[in-house]
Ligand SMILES: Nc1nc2c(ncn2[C@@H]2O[C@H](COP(=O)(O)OP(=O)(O)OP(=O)(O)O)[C@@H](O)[C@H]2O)c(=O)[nH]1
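Have a look below at one chain only, the form predicted on its own, in structure tokens format.
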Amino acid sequence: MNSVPLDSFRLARYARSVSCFICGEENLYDADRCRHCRAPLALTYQIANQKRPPRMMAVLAPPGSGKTVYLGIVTDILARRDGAGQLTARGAFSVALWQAAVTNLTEGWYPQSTHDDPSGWSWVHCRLAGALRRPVEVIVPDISGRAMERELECPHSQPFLNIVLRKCGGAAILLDAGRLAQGDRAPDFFALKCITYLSELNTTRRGWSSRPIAIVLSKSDAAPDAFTDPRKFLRRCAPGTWHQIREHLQTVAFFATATTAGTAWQRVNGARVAFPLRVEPRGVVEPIEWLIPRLR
């Protein structure tokens, strides 16, 4: 006799909910992403039996600042290490951003911009080996620059983003050094608004004024002065950000990075498209090495 499962038994499974690690909302047991913040529920399953929850870090940048490339390259470099600081990805979803960035750069393209909808964000959950202490687990979402800009212009218009930032224990703010060197004030205004927003964000733990923030001058291959003295470069080219940092932040450091050596521009189907000339990372690991031990 063939056995047939009862429908009531199937329905009983749905009585068991899954609490999202990021926002705490309850979800059906077979859901892929949280219905509220759209974070992958694989994060919740992976840390279910851990005594210590992983730390979270935000990487914030306006569109076109090289955030996704930066995250992919720094992940690739740390994964190739041996011993202290070696990165091990947790979950297949944590490899997606890393693979996309490396594959695109190898083929001579920059990765596409991060999708505005959080359902399209990549998440990296990784374990970093420590020199003396136990390994540290870190979660980093690839936050959309356009979504962040909308949230800065109209706070609480992107509730999922507000939830993620409350959970993070530190952040890196990427600013395009090439644009700043040319006198473009847009990166300065983005960082100024970003620091103001974070300092006013209500949190259950200690506020953002005491959390570590790394100011990262990306694309510094186009502004060699940034590598010489990133603090002095920022003070000269982004005065608004400099004064806001002095006013609101207690734990801050300045870095200059570059993932490629030069960029070429071509017309493709009528649009101006950037192409990396050479993949030549410089200074990409230092901001992460400074941030992770200080995450709240």
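Because the structure is predicted, anything quoted here is derived from the model rather than measured. Numbering starts at 1 and follows the sequence shown.
Form predicted in complex with the named molecule: not shown, discussed below.
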**Prompt:** Among 110, 123, 98, 160, which has at least one heavy atom within 4.5 Å of the named molecule in the predicted bound form?
**Reply:** 110
**Message:** Please determine whether each residue of 63, 219 and 274 possesses a non-hydrogen atom within 4.5 angstroms of the named molecule in the predicted bound form.
**Reply:** yes
**Request:** Evaluate residue 259 for contact with the named molecule in the predicted bound form, applying a 4.5 angstroms cut-off between non-hydrogen atoms, and reply yes or no.
**Result:** yes
**Item:** Touches the named molecule in the predicted bound form: residue 244 (any heavy atom, 4.5 Å)
**Value:** no
**Asked** Is residue 114 one of the residues lying within 4.5 Å of the named molecule in the predicted bound form, judged by heavy atom distances?
**Response** yes
**Message:** At 4.5 Å between heavy atoms, is residue 145 in contact with the named molecule in the predicted bound form?
**Reply:** yes
**Fill in**
Of 88-96, 75-83, 165-173, 137-145, the segment with heavy atoms within 4.5 Å of the named molecule in the predicted bound form is residues 137-145
